[in-house]
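Below sits a lone chain in structure tokens, taken as the form predicted alone.
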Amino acid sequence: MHISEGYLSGPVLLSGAALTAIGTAVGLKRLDYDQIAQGGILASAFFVASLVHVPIGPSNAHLIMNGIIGLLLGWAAFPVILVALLLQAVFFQFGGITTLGVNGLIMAGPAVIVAYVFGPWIGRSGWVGTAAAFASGAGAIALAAIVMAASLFFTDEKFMAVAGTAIVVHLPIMGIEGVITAFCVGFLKKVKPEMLSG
């Protein structure tokens, strides 16, 4: 879901960079010292999950894991995801330096949103907690695809077909991420439920 360099307009790039900078500042302020190791592990999971990607025009489809990152870290998802995106841009030329702010917003913004919307429900037992965890994983991908599509659309309306295709291509990824997130949350409930309190 990285947007490559050379496609987005200046106003979209600046808006994405500004919003990501704000989110990162809030995330760093709320990041507890005890969460730093957890953030590093989640950044590496994000980094590895999104290495395998399928190109789609100016973007690509891949696993992101932003739903579980949002549930575990909340606002701290911004700096964690931003570090992983920076490393991917430097080492593998995924996305790019100029699109770092937009790509950070695309992936970290939905992570924070699902943490607020579904986070209070994942601690519940039975199907309610499982459904909330699934919705977190799937919803984070859906929102990320919508933000990516909006970034392309606000750059140039000619990107509308590509934006629509990107959303459709991510439908199966939404299901896969929902299942993975539900599994991770179920596992954490059994072995370390305090990790889900954030």
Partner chain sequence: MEEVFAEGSSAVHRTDPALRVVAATAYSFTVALMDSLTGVLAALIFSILLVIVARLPAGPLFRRLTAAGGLLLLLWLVLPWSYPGDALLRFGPLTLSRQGVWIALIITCKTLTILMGFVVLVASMHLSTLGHTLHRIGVPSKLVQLLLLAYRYIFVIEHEYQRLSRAAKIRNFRPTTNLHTYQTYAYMVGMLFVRATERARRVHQAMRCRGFNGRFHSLDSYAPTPWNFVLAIAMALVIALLAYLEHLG
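None of the values given here were measured: they were computed from a predicted structure. Only the largest set of C-alpha atoms that superpose within 1.5 Å between the two forms is called the rigid core. Positions refer to the first chain, counted from 1.
One more form of this protein should be noted, the form predicted together with the partner chain, which is absent from this view; the next part is about it.
Chemist: Quick check on I113: any heavy atom within 4.5 Å of the partner chain in the model of the complex?
Modeler: Taking the distances in the model of the complex, the answer for I113 is no, it never comes within 4.5 Å of the partner chain.
Chemist: How about F134: is it within 4.5 Å of the partner chain in the model of the complex, going by heavy atoms?
Modeler: So F134 does not count as contacting the partner chain.
Chemist: Does any part of A142 reach within 4.5 Å of the partner chain in the model of the complex? Heavy atoms only, please.
Modeler: A142: no contact with the partner chain in the model of the complex.
Chemist: Quick one: is A37 in contact with the partner chain in the model of the complex, heavy atoms, 4.5 Å cut-off?
Modeler: Yes, A37 lies within 4.5 Å of the partner chain in the model of the complex.
Chemist: Using a 4.5 Å cut-off on any heavy atom, which residues of 13-47 would contact the partner chain in the model of the complex?
Modeler: L13, T24, L28, K29, L31, D32, Y33, D34, I36, A37, Q38, G39, G40, I41, L42, A43, S44, A45, F46, F47, in sequence order.
Chemist: Superposing on the rigid core, is the CA of I36 displaced by 2 Å or more between the shown form and the other one?
Modeler: Result for I36: yes, a 2 Å-plus shift.
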